[in-house]
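Just the one chain here, the form predicted alone, laid out as structure tokens.
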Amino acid sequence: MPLEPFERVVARYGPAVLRVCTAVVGPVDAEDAWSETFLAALRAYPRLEPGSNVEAWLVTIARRKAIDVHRARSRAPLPVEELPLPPASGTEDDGRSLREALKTLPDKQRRAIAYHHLAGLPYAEVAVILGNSEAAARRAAADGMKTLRALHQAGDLP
């Protein structure tokens, strides 16, 4: 049984995919996830085996794309009414000391601190980026923070 035209697939399963996207990311981002789902599906559709469960295949893609949209939104900057005041002169060195201290850390510790404490990523995502377990990512960040605290207490950091 040959694959039906993709336009029919969109017409038939589009509403179900939109419901899935809405359930995962909410109504504001659902259309973006829906569009991303069908763009990805269009590229992969010629390789789909005839007789496959197209609806389950699309829902799987939709779930993944909805998660991608959610992650992208969570990393987007939030608008604020007013910009924070710059630090008083003489009290900050624009982070130069911290950057220098970070350079002294081993690579995994430095990256774990940057991804988790500076970028705000959860340890599970840090672990994927670093190519290790969540526990190892936590340990690397904790060890790096311990070193930075020791430098600060020794007076090597402001």
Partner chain sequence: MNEPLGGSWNAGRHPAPHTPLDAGGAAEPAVLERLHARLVNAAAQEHLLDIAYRIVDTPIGPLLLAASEQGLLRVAYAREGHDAVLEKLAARISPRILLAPARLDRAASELEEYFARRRTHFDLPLDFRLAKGFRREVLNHLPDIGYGQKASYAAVAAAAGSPRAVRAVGTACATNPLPVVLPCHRVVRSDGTAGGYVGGPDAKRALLELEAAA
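All of these numbers come straight from a predicted model, not from anything done at the bench. We call the rigid core the largest set of C-alpha positions that still match within 1.5 Å between the two forms. Positions refer to the first chain, counted from 1.
The discussion below concerns the form predicted in complex with its partner chain, not included here.
Against its partner chain in the model of the complex, would Ala66 count as a contact residue? Criterion: heavy atoms within 4.5 Å. Ala66: no, not in contact with its partner chain in the model of the complex.
Give a yes/no on whether Arg138 approaches its partner chain to within 4.5 Å in the model of the complex, heavy atoms considered. So Arg138 does not count as contacting its partner chain.
Consider Ala11 of the chain shown here, and say whether it contacts its partner chain in the model of the complex, taking contact as heavy atoms within 4.5 Å. Ala11: contacts its partner chain in the model of the complex.
Look up in the model of the complex whether Val24 has a non-hydrogen atom within 4.5 angstroms of its partner chain, and give yes or no. No - in the model of the complex, heavy atoms of Val24 and its partner chain never come within 4.5 Å of each other.
Along 22 to 42, which positions have a non-hydrogen atom within 4.5 Å of its partner chain in the model of the complex? Glu31, Asp32, Trp34, Ser35, Phe38, Leu39, Leu42 sit within 4.5 Å of the partner.
Superposed on the rigid core, does the Cα of His117 end up 2 angstroms or more away between this form and the one not shown? His117: C-alpha displaced by 2 Å or more between this form and the one not shown.
Using the rigid core as the reference frame, would you say Val126 shifts its C-alpha by 2 Å or more between this form and the one not shown? Yes, shifts by 2 Å or more.
On a core-based superposition, does Ala142 travel 2 Å or more at its Cα between this form and the one not shown? Yes: Ala142 shifts by at least 2 Å between this form and the one not shown.
Could you tell me whether His116 and Lys65 have their C-alpha atoms closer or farther apart in the model of the complex than in the shown form, knowing the shift is 3 angstroms or more? Between the C-alphas of Lys65 and His116, the gap narrows in the model of the complex (3 Å or more compared with this form).
Compare the CA separation of Asp32 and Ala124 in the model of the complex with the one in the displayed structure, and answer closer or farther (the difference is at least 3 Å). Farther apart, which means the C-alphas of Asp32 and Ala124 are at least 3 Å more distant in the model of the complex.
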